[in-house]
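Just the one chain here, laid out as structure tokens, in the form predicted alone.
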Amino acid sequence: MLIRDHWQLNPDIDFLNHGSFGACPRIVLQKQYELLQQLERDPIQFLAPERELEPKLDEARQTISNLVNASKSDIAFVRNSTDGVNAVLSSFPFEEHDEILVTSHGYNACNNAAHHAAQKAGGKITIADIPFPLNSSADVIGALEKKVTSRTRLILIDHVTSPTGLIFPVEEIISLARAKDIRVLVDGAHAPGMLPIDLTTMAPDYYTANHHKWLCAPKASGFLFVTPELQHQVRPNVISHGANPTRSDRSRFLTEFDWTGTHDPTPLLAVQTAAQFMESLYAGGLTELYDKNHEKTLRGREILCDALEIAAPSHNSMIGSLATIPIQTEQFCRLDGTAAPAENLQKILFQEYHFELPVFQCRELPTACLRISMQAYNEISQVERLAEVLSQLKQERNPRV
């Protein structure tokens, strides 16, 4: 059985966009279906926290605890990273004139949440303009240092950036912040299943991430880590029964996030199956998976950069399983006047050549970008075909090239 056969992806599409929403293997979907059947056979027994739900959630929590090297008592569940970021921001004790520092590579939804939180408190957002292309992770640290002020209270930083696919030096950023008494919220949306995570060593104040992307769990599944001394401050985005617990065996932090009202917990409860499956793909487990995806991504980026005649936009050490290429989209588009060049190129690649991957103009960056994802089911031949198509489109648009 080929690795790609474990997924249900459309064989007529070259799917190079695992990074957006992930893709769930058949065995994980089957586990979720079995859990749904159990739920509907006896909803009270399954969903009542004091009966089956809490023990099942604690099993899933242990899986994530092992994956990220953190105490399971410090891990709450959220629907996704954006949910986790919002929970921290809405709970944070901001005061008037306080500042939240974000970056130009930040995820738009989370930067929007930071803007909202700052506005409510009478504070403001400061954006660290990180170049792209960039020379090294020192460019990230330098850009942040320039924007830190005496009013900076929180830094919201990506572990792996969504638009540019870069691994940021989060441990160095946390050290910088700690020296200035600034808290750090790490958006690790892409990290689980892409690269090793050690939250004990990293020691962030807050870290939130998705299970449904590179770990390949069902959609609407993620976690929020909060360091113990701050857990009393952090509340979920939906306040429910867990707000006034009378229990001595469980923190309010867990009871509140475990139950935010009637919901489908099966995406969370299938995370153990997802982690076990991804671990089983190669003899070397997750470490070999990380290495193979990283190697494919670097090779894919090299192929595209050669085809576009550009230099790699970052050092290899900043790449995991995502790679973003700066691209002059007008060189490739047969402009129809109804869409921006990046949107037009993405539409051409999908509709005419059956590639699924993002081409976009990032608000905070000067260049349009094309991003590839390389999961276990992807093959270098898919990127080679993409490079051929881009070269063909460029030739059609610029006959003298």
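Small disclaimer: the values here were computed from a predicted structure and weren't measured. Residue numbers run from 1 along the displayed sequence.
If you look for the form predicted in complex with a small molecule, you will not find it shown, but the lines that follow are about it.
In summary, among the residues 80, 126, 272, 293, the only one with a non-hydrogen atom within 4.5 Å of the small molecule in the model of the complex is 80. For the options 304, 110, 89, 75, the residue carrying a heavy atom within 4.5 angstroms of the small molecule in the model of the complex is 110. Within this chain, residue 103 is remote from the site of the small molecule in the model of the complex, having no heavy atom within 4.5 Å. The small molecule in the model of the complex is not approached by residue 324, whose heavy atoms all lie more than 4.5 angstroms from it.
The small molecule is not drawn, but in the model of the complex it has a heavy atom within 4.5 Å of residue 189. Interface residue remark: residue 391 is not counted as part of the site for the small molecule in the model of the complex, having no heavy atom within 4.5 Å. Screening 80-88, 115-123, 281-289, 304-312 for residues having heavy atoms within 4.5 Å of the small molecule in the model of the complex returns a single hit, 80-88.
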